[in-house]
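In the structure tokens that follow, a single protein chain appears in two forms: structure 1, then structure 2.
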Structure 1
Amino acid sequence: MATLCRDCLRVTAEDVPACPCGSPRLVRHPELLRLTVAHVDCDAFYAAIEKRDRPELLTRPVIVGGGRRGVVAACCYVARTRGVRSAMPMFQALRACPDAVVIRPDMAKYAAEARRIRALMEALTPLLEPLSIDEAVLDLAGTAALHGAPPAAVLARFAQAVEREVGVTVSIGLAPNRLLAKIAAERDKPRGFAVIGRAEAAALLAPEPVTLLPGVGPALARRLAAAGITRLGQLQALPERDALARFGEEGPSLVARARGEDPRPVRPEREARSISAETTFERDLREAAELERPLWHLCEKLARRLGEKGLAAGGVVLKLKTAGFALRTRHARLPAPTRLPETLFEAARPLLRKEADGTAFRLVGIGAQPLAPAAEADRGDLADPEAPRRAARWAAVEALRARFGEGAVVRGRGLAPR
């Protein structure tokens, strides 16, 4: 049994009852010094940044999100004790927690702080795979000599650095693979450090519900329940042949994950599958003409994000959410990849007009899918020889906005009607 003190970073190969520094934050595990895969998740990241910047909110319930018609982007742990959850409609969140302080998201600020945390991660290992703005998986195999400490101690030191330099906390899961590391990270939030070893994984997972596994959503959970399987232990006991017969090609993989097995390596570069932008309206919109203006702004935002990622859109995905929260998605393939907002808009507008049948919509979004390399975008051909010129104009517009502000150049269709 090895022991790590998360405060003084003392590591011993024995199970010590207390640390000489007096800290109660001890991590004990027989495999502690052999595990290398870590899942790092910032605790209530957006809300934590806001509380850091406004200390008077430290004990208050804080919700980061849009107006009453938006959704909760993030909430602090005080708000979570009142029943508030991420992605919850704001009216439900405020009904559950009427005294919450609601703060509009400041994505530029959150992204800047996320980059600071990412830089601290990159100093630990080259095997770093970002999963979201505030979440990543790392493999520290072979780094003990570099850091002069085992991965567990290096991770505890990293958590201290994040608190000291950024002012937020992280939770860490340490395990032999990605799946178990993610499950571990969720077990001890906030400011947690949980360990799941290879030897104990199957027994530890057996009594848990099948929904504990990432990727097992409501639909798959219903299929499993129909087969009499609600606990991971029941999945573990399923022979591979039966799993294949009952659940198809995903069956054997599902059984393996129920046992805590996960062969996926940590990939430093994770390929983006889509890029999107969306907005929730302050009031429901019905007419195509009034829906087109926010769609245009989103196309500009999407074009900017594509440029930042060095990617182009090979197609567009229109997303609409009705007043009753029903989701509609419509797709259109582009004849050639693009990073231009007008091309994105012209592809999405017919999809929008077809759906604007008098239905009240509360949200519109636009996505780029599939993605293509930026070098393939807007080259121009006999069918569209002006594409390179439009690309040059868009680059000039973005340069002016970067220098003089977003309002320096505004297209007519982006102006509000008088």
Structure 2
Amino acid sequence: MATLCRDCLRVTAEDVPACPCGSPRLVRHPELLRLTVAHVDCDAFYAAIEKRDRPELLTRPVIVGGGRRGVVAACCYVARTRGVRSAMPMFQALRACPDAVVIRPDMAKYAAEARRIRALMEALTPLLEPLSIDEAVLDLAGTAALHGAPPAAVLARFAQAVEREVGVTVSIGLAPNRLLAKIAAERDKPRGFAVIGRAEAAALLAPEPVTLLPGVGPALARRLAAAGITRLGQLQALPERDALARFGEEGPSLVARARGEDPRPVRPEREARSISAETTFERDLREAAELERPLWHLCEKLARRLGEKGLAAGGVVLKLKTAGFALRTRHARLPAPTRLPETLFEAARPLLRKEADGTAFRLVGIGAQPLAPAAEADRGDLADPEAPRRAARWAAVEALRARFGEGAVVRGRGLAPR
């Protein structure tokens, strides 16, 4: 059985009782040197950064949250022992842990730290797929020659680098596929390194509840329970025909996942399903005319993002949040895809006018959905033969701005009122 020392990074092909360096942090697994897919998750990321910056909090329960939404964004492991969980409403968290230190989230700081960690990952493999600010899946297949070490050792070295350079800890799951890697990462937290091999996967998953599988939420769990299935082992035993009959098209893939199989590759750039831009106002706005100015700026921002990604909007989604935090989203399909701010704006404006009924709004956003290839955008038609010229004009404006700065060309609509 292969062994890896997570401290001195020594790799041995046979089982050793202890590492010569004296470290007890050994990972033993028969498939250790063959596995390449890793799920990396930062431990209590926001809270860990706050503790790093304020060492006096090290032993205190720390909750990052409050702020606008009044829920726990992250909590340290001390707070977790008291029953605090992510996404828990703040009042409930403080009832469970009244002496917690509550820190308002500083997203800019977390994003900067996340970028440093991301840069360390990028040095490991090009097959890197970020899943959230503090989570990613990596495939290190074929990198052993480059790094002069098997993936397991490279990952252990990466975990050390994150601790040393960023000052937070990560948990790593190593497995033959991304599903098992994610499950592995969850099994040994914080500062963990867990391995699930191909051979043991099914047996290891069998006694677990069905909700362990990502994608099995309360609704599906209820449907499964109604069929008498609560453990993954029961799902594993289901013949494909029955899976199809009972749970529809998703049935067979559900059974495969229960067995620890997952054919999804690690894709470096996850395809965006929608692109959007939003802004929160300094004071609540009610009038359509007042709301239109930020909306216009967002349309320009969205148009730029579409341009950068080589995509176009097949429709627009208008998002509004009321002063009372109620979310309203409205959708309009476009007759033809566009990447022009004025076309986005003209589609969103009637939606906005319908909603501007005197309600106070704190946020407006605009998204492109569905997305379409840029080549299909703004080609014009019989009712709008000018579209290609408008597209050329927008490209020229963007070129001027890139060269002379944002303020070089401004639409009248974008100017602040005097």
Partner chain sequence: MKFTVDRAVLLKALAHVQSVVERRNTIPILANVLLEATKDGTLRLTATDMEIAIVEEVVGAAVAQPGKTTAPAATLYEIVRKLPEAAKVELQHPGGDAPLALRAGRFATSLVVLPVEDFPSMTEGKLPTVFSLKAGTLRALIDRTRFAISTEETRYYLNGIYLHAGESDGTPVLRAVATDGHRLARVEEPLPDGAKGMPGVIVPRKTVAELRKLADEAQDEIEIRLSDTKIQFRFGAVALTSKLIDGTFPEYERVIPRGNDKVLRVDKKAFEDAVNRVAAISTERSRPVKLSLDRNHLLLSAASPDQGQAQEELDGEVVRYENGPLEIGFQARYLTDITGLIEGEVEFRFADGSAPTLVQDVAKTDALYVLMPMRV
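Throughout, rigid core stands for the largest set of C-alpha atoms superposing within 1.5 Å between the two forms. Bear in mind the structure is a predicted one, so any value in this text is a computation, not a measurement. Here, a residue number simply tells you its place in the sequence of structure 1, counted from 1.
Student: Only one of structures 1 and 2 is the form predicted alone; identify it.
Tutor: Structure 1, which is the form predicted alone, differs in this respect from structure 2.
Student: Taking the rigid core as the frame, does residue 186 move its C-alpha by 2 Å or more between structures 1 and 2?
Tutor: Shift of 2 Å or more: no.
Student: Does the C-alpha of residue 261 move 2 Å or more between structures 1 and 2 once the rigid core is lined up?
Tutor: Shift at residue 261: below 2 Å after core fit.
Student: After fitting the rigid core, is the C-alpha of residue 325 off by 2 Å or more between structures 1 and 2?
Tutor: The answer is yes, as the C-alpha of residue 325 shifts between structures 1 and 2 by 2 Å or more after core alignment.
Student: Rigid core superposed, residue 356 Cα shift between structures 1 and 2 in Å?
Tutor: Comparing the two forms, residue 356 shifts 10.5 Å at C-alpha.
Student: Supposing the core is put in the same place in both forms, how far has the CA of residue 366 shifted between structures 1 and 2, in Å?
Tutor: Its C-alpha moves by 7.8 Å once the cores are overlaid.
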